[in-house]
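Take a look at this one chain, the form predicted on its own, written out in structure tokens.
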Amino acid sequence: MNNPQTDNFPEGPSFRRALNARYRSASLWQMVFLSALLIAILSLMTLLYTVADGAFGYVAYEYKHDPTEFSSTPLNELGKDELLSILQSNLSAGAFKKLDNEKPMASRSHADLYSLFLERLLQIDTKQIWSMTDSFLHAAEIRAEATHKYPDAQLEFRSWLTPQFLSSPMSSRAEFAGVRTAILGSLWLVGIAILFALPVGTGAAIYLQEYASKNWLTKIIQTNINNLAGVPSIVYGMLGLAIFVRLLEPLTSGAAFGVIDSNGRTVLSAGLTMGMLVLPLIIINAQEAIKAVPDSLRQASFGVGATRWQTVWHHVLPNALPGILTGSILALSRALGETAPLIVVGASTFISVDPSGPFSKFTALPIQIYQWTTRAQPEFHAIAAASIIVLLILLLSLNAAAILLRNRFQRKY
């Protein structure tokens, strides 16, 4: 009697043809997946190269005023006391007093005073900048062009990403603008957002997964959480404007704590808004991490007489913590790179004062990048490219710290 299973199984040449067809199909899909990986890597490299192309390159510049008008000593030999004396003699009394009020001039570093000397007195005038690619491939042509067009200008290969760029506040001149205030503002925003969203999101996930009954109300709540994860960020900005900036202004402005020189458009309002933005992501990721904990751990805990809370605290949560931290890394990345909600809540596009607390005015790196890219001058585009590199480094650093923390909990539990 024939067996239908063995009759349908190919043999001989038919078997080899079927086997070869399966291998060809497997090889084809392998090539498709490899191509997708190569395209992703190529796209990332193109992005990084485009950013770096604008952050480095030749710059032709000249001084609007002759340095010999202020001192016969060469610029590179001016000491701190000489720079302070020159600034005090040539700046107006009001301008010098304003700078002194921001930070005492006598306590400023030599580099800070030299930067003020260049910005306020010599006034650098950037004539033209060239990209990194042109600077490497057409260096001779660039030198000839600069000599012909700008005979009095100096030509140098400049990195716009410098220690001074990282440590300087905002300025109306791109040559002296920095991202210190924006970096501090971004760190304040991320810190407040995570402090608000991580415990609230984890608590909500624990309740929904471990305590809530599986009924129609729970399903509606779960569906809304999933939908909120896809809501455009500008909507969260409008929500933050209505709740934190206006409704809770006595709290977010600091008026309830005696702060009188602020309004609701503070770093606290922005941080809470960003916390609301990433809250659905944290809840969803925390739920998935809790689901991944085997039920055998729960049953074993119940079997020795532990309560549900003891089971959650001592067994479920420690084992789910690495997955919860992974979700927080994704939330951190989104919060750090958002722009639209911050514009609605009231982020400043120009601010030279560092945020000193949750009730301070603020700006953030994405806001600065957006503001600089909208300027017509090419030197602002160059510092915008440098700011993008700073943002990427900051993002990778924070993510690395979160990954190390997650790996530590994985080894512990």
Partner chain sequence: MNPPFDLTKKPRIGESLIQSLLFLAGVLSIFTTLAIVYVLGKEAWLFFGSPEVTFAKFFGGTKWQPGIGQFGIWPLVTSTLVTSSIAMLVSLPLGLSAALFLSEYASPKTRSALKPILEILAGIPTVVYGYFALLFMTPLLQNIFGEQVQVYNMASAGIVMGIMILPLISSMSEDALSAVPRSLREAAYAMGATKFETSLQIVLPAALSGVGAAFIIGISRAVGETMIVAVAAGAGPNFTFNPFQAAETMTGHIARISGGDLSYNSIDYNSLFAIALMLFLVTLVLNLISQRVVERFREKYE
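C-alpha atoms forming the largest set that superposes within 1.5 Å between two forms make up the rigid core. None of these values were measured; they are calculated from a predicted model. Positions refer to the first chain, counted from 1.
Omitted from view is the form predicted in complex with its partner chain, to which the following refers.
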{"property": "Heavy atom of residue 40 within 4.5 Å of its partner chain in the predicted bound form", "result": "yes"}
{"property": "Proximity of residue 356 to its partner chain in the predicted bound form, heavy atoms at 4.5 Å", "result": "no"}
{"property": "Its partner chain contact at residue 57 in the predicted bound form, heavy atom, 4.5 Å", "result": "no"}
{"property": "Contact label in the predicted bound form: residue 405 to its partner chain, heavy atom within 4.5 Å", "result": "no"}
{"property": "Contact stretch among 250-258, 121-129, 222-230, 290-298 - heavy atom within 4.5 Å of its partner chain in the predicted bound form", "result": "222-230"}
{"property": "Heavy atom within 4.5 Å of its partner chain in the predicted bound form - residue from 190, 177, 282, 206", "result": "206"}
{"property": "Heavy atom contacts to its partner chain in the predicted bound form at 4.5 Å, residues of 384-407 in sequence order", "result": "384, 385, 388, 391, 392, 395"}
{"property": "Threshold 2 Å Cα movement between this form and the one not shown at residue 390, rigid core reference", "result": "no"}
